[in-house]
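First, one chain by itself: the form predicted alone, in structure tokens.
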Amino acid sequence: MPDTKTATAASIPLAPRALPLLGHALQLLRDPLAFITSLSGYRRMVRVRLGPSSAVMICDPGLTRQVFLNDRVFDKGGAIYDRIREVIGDGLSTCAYPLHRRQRRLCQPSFHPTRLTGYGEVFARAAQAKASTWRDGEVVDVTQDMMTLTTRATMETMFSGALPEETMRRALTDTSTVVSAFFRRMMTPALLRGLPTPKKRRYDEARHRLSATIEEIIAERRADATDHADLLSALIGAVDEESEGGEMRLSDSELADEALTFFLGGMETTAITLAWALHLLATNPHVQHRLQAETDEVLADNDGALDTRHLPSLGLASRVVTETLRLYPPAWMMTRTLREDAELGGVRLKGGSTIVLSPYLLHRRSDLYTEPNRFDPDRWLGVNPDRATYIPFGAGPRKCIGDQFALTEAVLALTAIVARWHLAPIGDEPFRPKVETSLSSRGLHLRLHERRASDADTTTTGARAHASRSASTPSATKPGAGGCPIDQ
């Protein structure tokens, strides 16, 4: 007998101001963050409509975690992943549940902690090289420069060396074209998505070129057979000992999908996180001064060298990155599709239903974080992020496999930049995210001022005094709130 106490999806309240035929699509296109945060008052679940289709938005951290942990039932799916699959196929971040465990086992060795040392040297070197190209007083396009930095670093960690300059510039342009189109294509009805508009042609050309670039590199590497001690060599050499009757290694098409997955994830999401971190430091100069002091002290003790050995001493840099990911999680919205009928939070949901999850919504709930819209790295002093309320990398079996890779790159790159430069905003107008599949920082510009030796002396003295005071100051987060740009 069915449980008559279990409610159906029809009992979940519908978000207000749904339009005939369009539902909430216009609200999501015009101001998606305002729309998402307006739903936090529902606390548990709320229905949203995109055209004739309906989806269930999860607003509760406990229910969100249930969805993340049970990936057999709540599988990767929905409009976001349909659009991403157009570019990266069935890579680790987009493949369905039946494929995921094998692919995860094959990809895991590429991100073993022992490899982070080598990757870290690449990150630090790429950041210091980019910082050396800037000039005192220059206004820079921060996001573009961070994309260049992470592209170079990702290329080297993946392919053991930079591609020719022209190839790298083309890959950067194509990636930007593809990523900026994801969100609008996700919100566009299928009939309109297929129209041969100039934007559609540019999008198709860019994704085909990007795929061809990766496939060419893989073909050359297959023919070489040398272990280059990079991420691609690790993927090529990976063996799945648990395979039962299936292929024990990645096929050429699987290898291309995984390489594109890690290339896009390693480049775009880390670049955006770095850009937002620099923006937050520029608009919070007291934090920037303290971070410069920490950097000066660490580098002075190591003759100016910077690598993964210094990560334990870069506490404030790590907290800045953690807080940046709370305020601007690159994957601000995720979707899941039910593989079968299931119960969630006392509600019976039908197989095929779409579930929407939002780290942005949870990260800015006032009942979970004190002054949730305020940039406060010290809220993480002595506090480990909670796995239910802090989810920039997702959670459960599909949690981003490259989370430590991304965090290491961001902390080292941020340290290398603030060691040499002081950043300042160029106007009083607040800078707002360009909401795409990620919370893009496109168009962010900051002014650079080169630091002098006297600056280092001043900031170090001030920061030591502040650190002494902060050590006895309780965290700004609620007790127990705490946990670790795409979930996989």
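In this text, residue numbers run from 1 along the sequence as written. Everything numeric in this text was worked out from a predicted model, so none of it was measured.
The protein also exists as the form predicted in complex with ligand HEM; that form is not presented, and the subsequent description refers to it.
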Although the partner isn't part of this model, could you tell me whether Gly346 comes within 4.5 Å of ligand HEM in the predicted complex, counting any heavy atom of the residue? no
Taking any heavy atom pair closer than or equal to 4.5 Å as contact, tell me whether Pro377 reaches ligand HEM in the predicted complex. no
Leu116: heavy atom within 4.5 Å of ligand HEM in the predicted complex? no
Report yes if any heavy atom of Tyr369 sits within 4.5 Å of a heavy atom of ligand HEM in the predicted complex; otherwise report no. no
Please determine, with the chain shown alone, which of 338-346, 104-112, 171-179, 204-212 has non-hydrogen atoms within 4.5 Å of ligand HEM in the predicted complex. 104-112
Have a look at His100, Arg152, Arg387, Arg221 for me and say which one sits with a heavy atom within 4.5 Å of ligand HEM in the predicted complex. His100
Under a 4.5 angstroms heavy atom criterion, identify the one residue in Ala126, Leu281, Val411, Ala331 near ligand HEM in the predicted complex. Ala331
Would ligand HEM be touched by all three of Leu92, Gly266 and Phe393 in the predicted complex, meaning a heavy atom each within 4.5 Å? yes
Residue by residue through 7-44, tell me which have a non-hydrogen atom within 4.5 angstroms of ligand HEM in the predicted complex. none
